[in-house]
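Only one chain is shown below, in structure tokens, and it's the form predicted on its own.
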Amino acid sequence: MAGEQLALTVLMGLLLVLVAAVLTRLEDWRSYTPLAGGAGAAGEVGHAHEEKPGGITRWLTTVDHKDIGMLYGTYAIIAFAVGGIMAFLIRLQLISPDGAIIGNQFYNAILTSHGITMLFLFGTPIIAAFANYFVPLLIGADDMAFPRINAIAFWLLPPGALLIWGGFFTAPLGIGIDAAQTSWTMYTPLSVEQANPGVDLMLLGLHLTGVSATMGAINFIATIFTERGDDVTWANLDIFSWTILTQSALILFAFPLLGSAIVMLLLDRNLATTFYAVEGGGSMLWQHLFWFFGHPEVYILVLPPMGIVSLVIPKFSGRKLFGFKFIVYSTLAIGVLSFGVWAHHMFTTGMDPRLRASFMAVSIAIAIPSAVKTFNWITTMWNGRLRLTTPMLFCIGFVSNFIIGGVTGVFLASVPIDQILHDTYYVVGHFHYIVMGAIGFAAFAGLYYWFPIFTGKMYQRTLAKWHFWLSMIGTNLTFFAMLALGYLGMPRRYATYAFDGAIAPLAQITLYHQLASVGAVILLVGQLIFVWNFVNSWLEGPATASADPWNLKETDQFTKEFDWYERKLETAIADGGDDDDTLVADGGESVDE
């Protein structure tokens, strides 16, 4: 196990060194010029700005909401890469029934860290990246309500990540601190009795990320309530800001509860308290507290991506969003109902059947506002003049994956079906259709749609569409195979599965595991293309031709963030900026054509 942890430690260290090397070559992350003459090397200060310092000092001291948004985005993409490497190792391990490459303990460690990394270090920060950069622009605000608190909220995240991943760095040193092996749900009594300080480090790191998210939520609520422009009312507030407002309210109720539960878990581990002991609150107390946070967390992660999709689909359908008010109402309904469904994760714990029935009813009911959104997205596209740009492709992929993830979730909301499929790969497939197939796709749609604003460049269109198709094929191959494994009865979290005939023919289970692993390879290739295209286009790509790269003025959908971008370009040209070397945007082909 030590050799495996050393290998992953070296791999993660190389990734961090690569990031540091890139940062030292960047004078200004918004407009990159190749440093052919060697200027701007590490330790030198980049070109100065009148209102803020240059070089790396700018990024360490900035309180500008746009800069902080890009810091969040960079952090989230690094976390996505680390979590993706862990997921790829998991899928390589499961190619063969006896385990292909790693031992059981190391498998448990990366399984734990993969879930926490993707949910807390990628999912929440990538949403914060979009929200920090674009919510003030969309509502006509100068900045966030509390700029310094905004910066503090971000700078709590890097130490949180180091604590969560700390066990992988310390295990090879032989000092008795290994990576946590509790699974991302940290169920007691396992998480209490696991005598490994790495668990404490992970819990402290999670606590920091929760404090960060709560500070950010307070800031967004204050900003949307108090900093809106005179022409922005509740009636014409954009859909993305509505979803961020709802998400922030959910965070205020959910994350402090998680923090309290973690503090009690730390006390049980280190001071012999009995919050989760049999003679105290019992192990069921942790499950209730964790899932009271955990299921709203799913909607904390999915509501803003729904807002991005609701914002982007009309732009490339040539028409306004159908049923705007109903999408807003459904967003608020999801926010309220999300706190009444947590116990559907606990249908097999022996709870009172009457309680199970009530939670089943609410769990099925919450599918209604989600279905309202889905039908409104489809109706928006119906008979529209579609332009299949990369952002639009990812939005369409979001809708199709969300339908599969949602329908499979309705099955799990039914008590008798859940009792059969609980803790099988069916749950993993369902959850990842939402987390990767929906949330991930919406994040990519937002990155491509707003790419011209935060870079001033345009991505390579062909590579971007390769990224979409490889992601779409890889996602469905990987996670649909997991749904099939769940129907075969394959339990999740197992490092090996050499139990022929115990649940299903071993050859059949192996086949579906191998299909899922092939899909993971396809996904990995797609993300490598994304990283190359994203970084190369940002650093070397020619500038966009105008402030309206998507021809939004033709359909009267030129929104406030592009209006800000237009003013920025006009100011740059007036100041002597160079508007040569431009590139026409990815306009897409009209379906009618």
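All residue numbers are counted from 1 along the displayed sequence. None of these values were measured; they are calculated from a predicted model.
Absent from the display: the form predicted together with protoporphyrin IX containing FE (HEM). The rest refers to it.
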{"item": "Per-stretch contact check against protoporphyrin IX containing FE (HEM) in the predicted bound form, the hit in 435-443, 473-481, 206-214, 76-84 (non-hydrogen atom, 4.5 angstroms)", "value": "435-443"}
{"item": "One residue of R228, R356, H345, K315 in contact with protoporphyrin IX containing FE (HEM), assessed in the predicted bound form (non-hydrogen atom, 4.5 angstroms)", "value": "H345"}
{"item": "Of L412, I327, I396, A249, the one that lies within 4.5 Å of protoporphyrin IX containing FE (HEM) in the predicted bound form (heavy atoms)", "value": "L412"}
{"item": "All of Y299, S363 and D423 within 4.5 Å of protoporphyrin IX containing FE (HEM) in the predicted bound form, heavy atom check", "value": "yes"}
{"item": "H430: touches protoporphyrin IX containing FE (HEM) in the predicted bound form, heavy atom cutoff 4.5 angstroms", "value": "yes"}
{"item": "Protoporphyrin IX containing FE (HEM) contact in the predicted bound form: R385, any heavy atom under 4.5 Å", "value": "no"}
{"item": "Contact test in the predicted bound form: G406 vs protoporphyrin IX containing FE (HEM), heavy atoms, 4.5 Å", "value": "yes"}
{"item": "Residue contact check: K320 to protoporphyrin IX containing FE (HEM) in the predicted bound form, 4.5 Å heavy atom", "value": "no"}
{"item": "Residues from 147-170 in contact with protoporphyrin IX containing FE (HEM) (non-hydrogen atom within 4.5 Å) in the predicted bound form", "value": "none"}
